[in-house]
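Only one chain is given next, in structure tokens, and it is the form predicted alone.
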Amino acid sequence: MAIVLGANQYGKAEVRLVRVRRDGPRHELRDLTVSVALAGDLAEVHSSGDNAHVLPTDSQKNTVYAFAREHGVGQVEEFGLLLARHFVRTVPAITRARVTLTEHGWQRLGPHSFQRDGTESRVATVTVDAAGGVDADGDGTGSSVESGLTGLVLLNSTDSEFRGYLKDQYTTLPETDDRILATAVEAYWRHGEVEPAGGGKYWAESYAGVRAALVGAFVDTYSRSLQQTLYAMGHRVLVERPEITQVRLALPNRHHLLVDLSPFGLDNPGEVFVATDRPYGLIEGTVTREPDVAGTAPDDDGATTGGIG
């Protein structure tokens, strides 16, 4: 039986980049972590150690810094597309470049003073294939842009229940018709166009619109399960943002447990909780425009009428 090399890629991971624009008294700050992964005709370096087709990962890192100086850093999707297209067009052996970017937010305090935002980060993954065109999944020929966010911490102090679930001999969890629902949202969404009209304005407005849809659905949904809330959030994005074709969500359930105050002669009418960080339930799902996906649209009150709710 022959032994062959399977799928492979290489690149520079987690390049830290801070870009300050100083062309006026009001400075602009962008803080990114950039990872590059290149794939193509790389069999020879694996089998014989011939490095003729290998662009050093140190060169990839330097490219990130040089492009930041030459082109500036606007929207993360634009910067990722510039980098990915450069590697595919200038490195002969490379047929696919994938650039993953995380933007770390800073809150302005003054013309040149900033405070680091909390845990939320904006992210993007850009995939460019030498064949060009638009690719549905980012793994074949074509190009794709997936935007997203991580660490968006949301909490509803009521309008959440969990009951009617399957029970077995190991079940101890009591049913509840009123609980705190808290999560730290990870969301990734696929764009239908790689070259949208409006350029940087499009990416900024699309991101703001998707984020608003995610938050709005979380706030407006009476939740009977975190799965139902996930579907409502993804559905809201696809209804309100026609440029988005698919949304992937990961929602950890940040449990808040009612504290028993009876040993101290006190009641606890749903006011004092202990917040736990682990273990936690992790709910994941994808909501897509494809007609064969399971599920139906949420009702007006946010409750789903079928599917994964």
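Under this definition, the rigid core comprises the largest set of C-alpha atoms superposing within 1.5 Å between the forms. This one's a predicted model, so the numbers in the text were calculated from it and none came from an experiment. Quick note: we count residues from 1 along the sequence shown, nothing fancier.
The same protein also exists as the form predicted together with a further copy of the same chain; that form is not shown, yet it is the one meant from here on.
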Would you classify Gly118 as touching a further copy of the same chain in the predicted complex, given a 4.5 Å non-hydrogen atom cut-off? yes
Within 4.5 Å, heavy atoms only: does Ala197 come near a further copy of the same chain in the predicted complex? no
Check whether Thr100 has any heavy atom within 4.5 Å of a heavy atom of a further copy of the same chain in the predicted complex, and answer yes or no. no
According to a 4.5 angstroms non-hydrogen atom cut-off, is Arg190 in contact with a further copy of the same chain in the predicted complex? no
Partner-facing stretch of 121-129, 102-110, 200-208, 142-150, counted where any non-hydrogen atom is within 4.5 angstroms of a further copy of the same chain in the predicted complex: 102-110
Give, in sequence order, every residue of 142-173 that has a heavy atom within 4.5 Å of a further copy of the same chain in the predicted complex, or say none if there are no such residues. Leu152, Val153, Leu154, Leu155, Asn156, Ser157, Thr158, Asp159, Phe162, Arg163, Gly164, Tyr165, Leu166, Asp168, Gln169, Tyr170, Thr171, Thr172, Leu173
On a rigid core superposition, would Asp177 pass a 2 Å threshold for CA movement between the shown form and the other one? no
